[in-house]
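One chain comes next, on its own, written as structure tokens: the form predicted alone.
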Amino acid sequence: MKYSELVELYGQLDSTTKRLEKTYYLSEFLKKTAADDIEPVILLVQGRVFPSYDERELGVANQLVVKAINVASGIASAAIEKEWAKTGDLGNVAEQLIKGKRQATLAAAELTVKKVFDNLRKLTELTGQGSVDRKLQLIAELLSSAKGAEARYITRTILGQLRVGTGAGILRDAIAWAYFPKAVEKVFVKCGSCHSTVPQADNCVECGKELSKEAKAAAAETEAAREEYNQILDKIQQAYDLTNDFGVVARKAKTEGAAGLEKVEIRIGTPIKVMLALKAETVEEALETVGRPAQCEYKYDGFRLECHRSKDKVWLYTRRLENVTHQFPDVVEYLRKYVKGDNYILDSEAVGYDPKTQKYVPFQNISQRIKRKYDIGKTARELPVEVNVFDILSYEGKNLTGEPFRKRRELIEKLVKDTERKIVVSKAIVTGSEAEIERFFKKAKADGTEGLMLKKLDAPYQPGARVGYMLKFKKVMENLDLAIVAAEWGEGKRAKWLSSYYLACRDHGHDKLLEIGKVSTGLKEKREEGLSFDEVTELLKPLVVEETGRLVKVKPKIVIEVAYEEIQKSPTYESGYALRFPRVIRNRTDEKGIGDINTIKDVERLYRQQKKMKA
């Protein structure tokens, strides 16, 4: 496939903010994409060359790209930097300068998707002496052959700045539209006025105008068709949750259809999206959801750790699918020494404890271990963790996600040799008594945990989903995990820091972020005292996409936990809500991505909950 065809798709995706239009453009493109090109295409439209769980990065600095543009265009680096300062977009600079380059390159080979993809992947393989020059050659080779907008998108991909708006929801839906058209055509129609592909209804959701009589007539059959369509979406989502790679899923859908999606299996060494919990306000509500009796477990204040083992090889992944095997050699040792079996995947929570008092400590006390690259052994001794195993997904080649939870729990208890402050099976009881659960809750709090998890005994394990199979019970107004989408430079002694942060929650079921207020309290002025303004400023600076006076807009990547006194209705922010007296509790970026932050539905639920508490 020619790279120019993919660039045309980029232009279409860039031309609209409408989710359905983006889905349509991408699905039409996938229909004509050959099976061998599907995986590279799916990664490239996300601005990636590796799946999200793969820790390899291109790691190319702006200055190296400036040099590559210099080599490809013949324009002096100083002139390139001057243009870059004017526009703020090195991709646009590359396009304009290479388009008008002095030396003709009519003989240059036409770029293909495979060539671009292969060159970019090679960038990660180059290390040691001379690697910078070889990286320069690989980039310059692509830019020299690039025509028109090709240079813009190659540059943006290399720098991680593609931003064409293809989130997980759009990718999933586009795969359905491309490869299951019969299920889709019963649910969506073409608007005669704005030509958008829209759900069947009386009026177009895009332009508001009345749809045709044919569309309305078809709408009568929508309910059954919608069920069929949703089943397809569920199959795609389930396959993705097991692989975390839409490229693999799209290829399966194209070549094997729905049957192929159902055959997608767990692969040890490839992280799986963990099952997530809903929240319960009362024990009674929790039991109504999960049934009686239920298993009640300690809810630990640690971080999720998905443990994979295949004979001597061990992989450890966080909830965000980050590979942290290197940072936790102690956990690798515990798995090899205290867990029976050569091939398995365990779900667990790693909890920090004080080596002197042996008591559990809050997550923020050990969070630095996740990013630690050096002095690993020393850090493990100073900030030890206990692994609390609470589920098993695969054992000796058998996928256990479809087995009832009680069976999975029984297997864990046989496999894990409880070794306090190293690796243990999570503390739990099975009961249907609210009074017994309340007593167990008090014990859990006294032991330094956050509360309880209540689990449905006959439930399967559903990767990546928040389902009613397990619930969190804390008994307090919970904090919110929100994304920083903008910030303001401080004044006075804080003038050197970004010290006020605009926060956003996620629009439920969509990739859109909705502002819900700003926060400037809870941070420290010195790093040794806790999360500091200086530290957050360092995190935000590389993410700045626009600056106007003191206000900067940033690429949403940093996730912080925020406490507040109250949630109020507010016309000021797009969410329709504002946080009263918010304060920053901790940085959760190592644990959670943008897809994990609280949604507007969470905010609405908490708003209703606080009204009940006041009544």
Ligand code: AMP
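Since the structure is predicted, the reported quantities are computational estimates derived from the model, not experimental observations. Basically, rigid core = biggest C-alpha set you can superpose within 1.5 Å across the two forms. For every residue, the number given is its place in the sequence shown, counted from 1.
Absent from the display: the form predicted in complex with the ligand. The rest refers to it.
Visitor: Choose from 226-234, 438-446, 290-298, 252-260 the stretch whose residues reach within 4.5 Å of the ligand in the predicted bound form, heavy atoms counted.
Guide: This holds for exactly one stretch, 290-298.
Visitor: Identify, from the list R408, K456, K186, K474, the residue with a heavy atom within 4.5 Å of the ligand in the predicted bound form.
Guide: Going through each option in turn, the one that passes is K474.
Visitor: Scan Y240, Y501, Y179, F390 and let me know which has any heavy atom within 4.5 Å of the ligand in the predicted bound form.
Guide: The residue in contact is F390.
Visitor: Can E150 be called a contact residue for the ligand in the predicted bound form at 4.5 Å between heavy atoms?
Guide: Because no heavy atom of E150 falls inside 4.5 Å of the ligand in the predicted bound form, the answer is no.
Visitor: Should A277 be counted as a contact of the ligand in the predicted bound form, where contact means heavy atoms within 4.5 Å?
Guide: Yes, A277 sits close enough to the ligand in the predicted bound form that at least one of its heavy atoms falls within 4.5 Å.
Visitor: Is S426 near the ligand? Define near as a heavy atom within 4.5 Å, in the predicted bound form.
Guide: Answer yes; at least one heavy atom of S426 falls within 4.5 Å of the ligand in the predicted bound form.
Visitor: Closest heavy atom of E349 to the ligand in the predicted bound form, within 4.5 Å or not?
Guide: E349: yes, in contact with the ligand in the predicted bound form.
Visitor: Would you say whether Q295 is displaced between the shown form and the other one, judging by a C-alpha shift of 2 Å or more on the superposed rigid core?
Guide: After core superposition, the C-alpha of Q295 moves 2 Å or more between the shown form and the other one.
Visitor: Rigid core fitted, then: does E565 show a CA shift of 2 angstroms or greater between the shown form and the other one?
Guide: After core superposition, the C-alpha of E565 moves 2 Å or more between the shown form and the other one.
Visitor: Aligned on the rigid core, do the two forms place the Cα of R304 2 Å or more apart, comparing between the shown form and the other one?
Guide: The answer is no, as the C-alpha of R304 shifts between the shown form and the other one by less than 2 Å after core alignment.
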